[in-house]
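Encoded as structure tokens, the following chain is the form predicted on its own, with no partner shown.
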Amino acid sequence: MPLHLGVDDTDSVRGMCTTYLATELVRALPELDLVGFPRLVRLNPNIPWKTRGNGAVCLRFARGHGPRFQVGDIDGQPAWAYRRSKPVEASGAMAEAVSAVVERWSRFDDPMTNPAIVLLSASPSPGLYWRAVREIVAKGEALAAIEGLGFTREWKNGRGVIGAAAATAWRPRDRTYEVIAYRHPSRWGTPREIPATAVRGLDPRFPSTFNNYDEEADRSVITPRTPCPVLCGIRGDDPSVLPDALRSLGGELPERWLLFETNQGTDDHVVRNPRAARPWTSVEIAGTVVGEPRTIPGGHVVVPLRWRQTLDVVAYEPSKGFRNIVRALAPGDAVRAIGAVREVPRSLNLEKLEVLGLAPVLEKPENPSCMRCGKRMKSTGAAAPFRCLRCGTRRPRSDAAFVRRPRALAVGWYEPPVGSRRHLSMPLKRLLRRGRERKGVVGRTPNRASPSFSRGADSFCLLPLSANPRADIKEDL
């Protein structure tokens, strides 16, 4: 059993990255070998006190033997990992070496940064991971889950011990990979130089990758927009192609890179059909639209959905064209909604939407004609009969002709554009590739100017849960 080293809460919205610290930890422990891929584990994205992407790192160390494979390049030297290993004992010296790295690189000046490490002889129960990715875990619960398994070290209030322990508890049911490249320190904070045309070419050249370029916003999303050490990160299902995908970009050369196994794009954070919509959780619910969509001040679109209760589903103004999907819903439509539950006002901020069934929508094209003189009749009230103004003939409301209105939606899934997807949200590209789609087809993308459909366009933007409309947009890797 390898040693499990978990680290969390070392970064800040103003810089640093816990994954960069992982490369420094590999350098600091040359006498140990990596076992398996380094792990980047995202936890509950709705936690209000997270620093950026709420990601923790787990590195597994032992004495490797047998075949090895490359998982990175640090200081111009390959970083290797082994699938087979011989165990080693955790020691205070190892904990001190790790602590020295954390103390050198963590952003202690940020009040939201509260680092911690765990160095464990075994992985704790996976239940800790599932709670941490879907709920809120108290610090005491995390410490109880790893009691007797090894060393812990905390700084400031030590809240990072929750993520550090949860990362070591992840036993993947599903997984993806991300190669993350890092800049030379002299370039931190300067504009990143990666050709947009190269990023656009990743999907056709490396079809197992995903979330590369946002066609709606016309920008790359593999590069962060913060002054952190990360140059770029490319995500995919096949780890063997990711280093080649990185090399294909050209432009600014990375100083180092590391290939992570991750839970990104897995929907692990989503609670399926919960008993209640609890704030700070992400849920999947299926229900019926029970009211007309309405646009509220600010341009946000709200539609009520009847599930176990009636819950407003919201698409905010920054979601731009995606709001046309919500506007095109009608009472009686059956939908499946995945999103984050907001506390005030209680609502569901969408991450994905599946249209399960469309209700008929009838409209009256025109009033009936007078059977006596042929003149078009006039309405005398919402529930009153029609009346001919020329001869006074009346006809009941039931004589009006109604036709079925064409719908601007198809049965199927709809998702936000690449730049507004959450780290953990499974993109439809991956959902389909894995053959896990539900009945129906993927809904075609609506035209940017209207709710009609257009081939070839990207999916539309959707605002994640945050007091700041852009706080959770995929810009930190």
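For every residue, the number given is its place in the sequence shown, counted from 1. Because the structure is predicted, anything quoted here is derived from the model rather than measured.
Same protein, other form: the form predicted together with a small molecule, not shown, and the subject of what follows.
Asks: Name the stretch: of 134 to 142, 192 to 200, 84 to 92, 299 to 307, exactly one has residues whose heavy atoms fall within 4.5 Å of the small molecule in the predicted bound form.
Replies: Contact criterion met by 134 to 142 only.
Asks: Answer for Phe69 alone: is it within 4.5 Å of the small molecule in the predicted bound form, judged on heavy atom distances?
Replies: Residue-level check for Phe69: no, no contact with the small molecule.
Asks: Does the 4.5 Å heavy atom contact test between Lys50 and the small molecule in the predicted bound form come out positive?
Replies: Flag for Lys50 set to yes.
Asks: Given that the partner is absent here, does Arg153 sit within 4.5 Å of the small molecule in the predicted bound form, heavy atoms only?
Replies: Arg153: no, not in contact with the small molecule in the predicted bound form.
Asks: May I ask you to state whether Arg422 is within 4.5 Å of the small molecule in the predicted bound form, using heavy atom distances?
Replies: Taking the distances in the predicted bound form, the answer for Arg422 is no, it never comes within 4.5 Å of the small molecule.
Asks: By the heavy atom within 4.5 Å rule, which residue out of Arg407, Arg159, Arg342, Arg387 makes contact with the small molecule in the predicted bound form?
Replies: Contact check passes for Arg159.
Asks: Please tell me whether the candidate spot formed by Pro38, Asp237 and Leu259 is one where all three residues come within 4.5 Å of the small molecule in the predicted bound form (heavy atoms).
Replies: Heavy-atom distance to the small molecule in the predicted bound form: none of the three under 4.5 Å.
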